[in-house]
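Two forms, one protein chain; structure tokens for each follow separately as structure 1 and structure 2.
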Structure 1
């Protein structure tokens, strides 16, 4: 069993960035009609093979039921990958440290507060994206094309995610 903990920048730092507004990153914009929050995540993509930064939207078609069982993780060696909810809803991510393999004991799960997004560092193992309701939308910032940028690893056992 894997229990999810609340997402915080400090706890998630080994795996990537938490994307959320903070007074530390705020600047006035457009004659101070807006507050702008800059540099919230370190986007990193390998530009080889015509790679570039892409912005996409994913809409959940099939929600998962909790608790959720998964048997594999993936990573993206050529670029970071960010997921930002377009509406306010909490979502859960599972991560593992860098390395060639993943030990189930090293998995960590985090649940956002509904307003946070995440950015996986390049090469960080993570569970594929899940949604708990159909229609949940995510803004995605990652590397395109995705050719040769996804590696999948079977864990050898099913892990049950508890939220």
Structure 2
């Protein structure tokens, strides 16, 4: 059993960035008609073999059943990967400390507040993206092409995620 905790920038720092509007990064823009929160995520993308930063959208078709059980984690050795909700919904991510192997006891789960996005640091093990309702849309900022940029690891047991 893995219980999700509320996402915060501090707790998530070992794994990546929280993309949100906070007072830390505020600046004025266009004659102060906007508040701008700048440079919220460390994008790190390998440029070899036509590697480049890409903006993509993922639309959930089939939500998972809760409680969700998973046995695999994945990582992207060639780039960071950001997910930002496009229609205001909370989502849950699971991450593991950086390293070649994963101990299931070290997994942590975080649930966003409905407006936060997250950016996985390059190479961080994480549970593949899940949606709890069809129609949830994520903006993704990661590396294209995706070839050779996913590694999957079996945990050796099923983890039950409590959201």
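Numbering follows the first chain given and starts at 1. If you're wondering where the values come from, they're calculated on a predicted model, not measured in any experiment. Just so we're on the same page, rigid core means the largest C-alpha set that superposes within 1.5 Å between forms.
Two forms of the same chain are shown on their own. Structure 1 is the form predicted alone. Relative to the superposed core, residue 62 undergoes a C-alpha shift smaller than 2 Å between structure 1 and structure 2. In the core-superposed comparison between structure 1 and structure 2, residue 32 has its Cα shifted by at least 2 Å.
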